[in-house]
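Encoded as structure tokens, the following chain is the form predicted alone, with no partner shown.
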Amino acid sequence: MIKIAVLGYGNIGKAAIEAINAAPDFELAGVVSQSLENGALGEIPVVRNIDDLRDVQVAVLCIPSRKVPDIAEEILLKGISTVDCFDIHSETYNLFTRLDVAAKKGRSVGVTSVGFDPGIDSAIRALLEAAAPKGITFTNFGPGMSMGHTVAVKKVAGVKDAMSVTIPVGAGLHRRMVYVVLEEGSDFNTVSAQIKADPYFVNDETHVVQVTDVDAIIDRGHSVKIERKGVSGATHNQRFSFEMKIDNPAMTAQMMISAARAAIKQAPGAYTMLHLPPIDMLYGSQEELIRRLV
């Protein structure tokens, strides 16, 4: 049994516990949370620090992306492997190199940027490019709620609650529809400008809309369509299409748990979805998996 801890108890943290409970080879060591009290989750231990849990092999970091670098590095240096769902594309490689140093020093494994995108979409894009090395790939998200963008908006001063919805424009371009409930006394124009200047939104067409209640419009479903048109060898017009419609937190959490299974099979260092052998993420013997899936 793989002893695993969950850091954070938001939408992804709750889904991670469900995925762990459904897996035959994991044992939940406990939840690390700064808001929950011990006993809030019944028999599941709730602690403030991962050091208060025993024999943890892997920690899944169900926390905002901007908290991942420091927390992942700290845990890796303790000799505990980590899996995170960091989703700021422009900062992924720098995080990868930072965690690689920490993981090798701590003799642990850090799997970063696992989940929706980056995550399973990254692996799909890599496979399509392997099938047609020359060409163009378009990743079209939505329509659906973006967890990372929503968390980023909620951190903006003056925002009481929020939801960010991604709308595909086509050819890999997107529109961000951001719905916000403001704190009393907050200025809408100031808040809107801060959101549009955030790295999560600065490269996309972004519209900020003030609402009185996010719960009335929230839907955690998301979707993606990845298309590639390219060349295999000397043969042109090779066309590929991958599409999925998912509950974002549930799928992200499941991918993290599957990556945690793979993490304990790797040498110390950092990894992304491009590095992990798919067979290592699956439960079962090598023979059974090859016979069933190849």
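Please read all numbers here as calculations on a predicted model, not as lab measurements. Position 1 is the first residue in the sequence shown; the rest follow in order.
What comes next is about the form predicted in complex with a further copy of the same chain, which does not appear here.
By the 4.5 Å heavy atom rule, the three marked residues Tyr93, Ala130 and Arg239 all count as contacting a further copy of the same chain in the predicted complex.
Note on contacts: among Val191, Ile120, Met145, Ala162, the single residue with a heavy atom within 4.5 Å of a further copy of the same chain in the predicted complex is Ile120.
You can rule out all but one of 63-71, 49-57, 34-42, 245-253: in the predicted complex, only 245-253 has residues with a heavy atom within 4.5 Å of a further copy of the same chain. Mapping the unseen interface onto this chain, Leu276 counts among the residues with a heavy atom inside 4.5 Å of a further copy of the same chain in the predicted complex. Interface residue remark: Ile12 is not counted as part of the site for a further copy of the same chain in the predicted complex, having no heavy atom within 4.5 Å.
Using a 4.5 Å cutoff between non-hydrogen atoms, Ala126 counts as a contact of a further copy of the same chain in the predicted complex. Interface residue remark: Met1 is not counted as part of the site for a further copy of the same chain in the predicted complex, having no heavy atom within 4.5 Å.
Contact residues in stretch 18-42 (any heavy atom within 4.5 Å of a further copy of the same chain, taken in the predicted complex) are Glu18, Ala19, Ala22.
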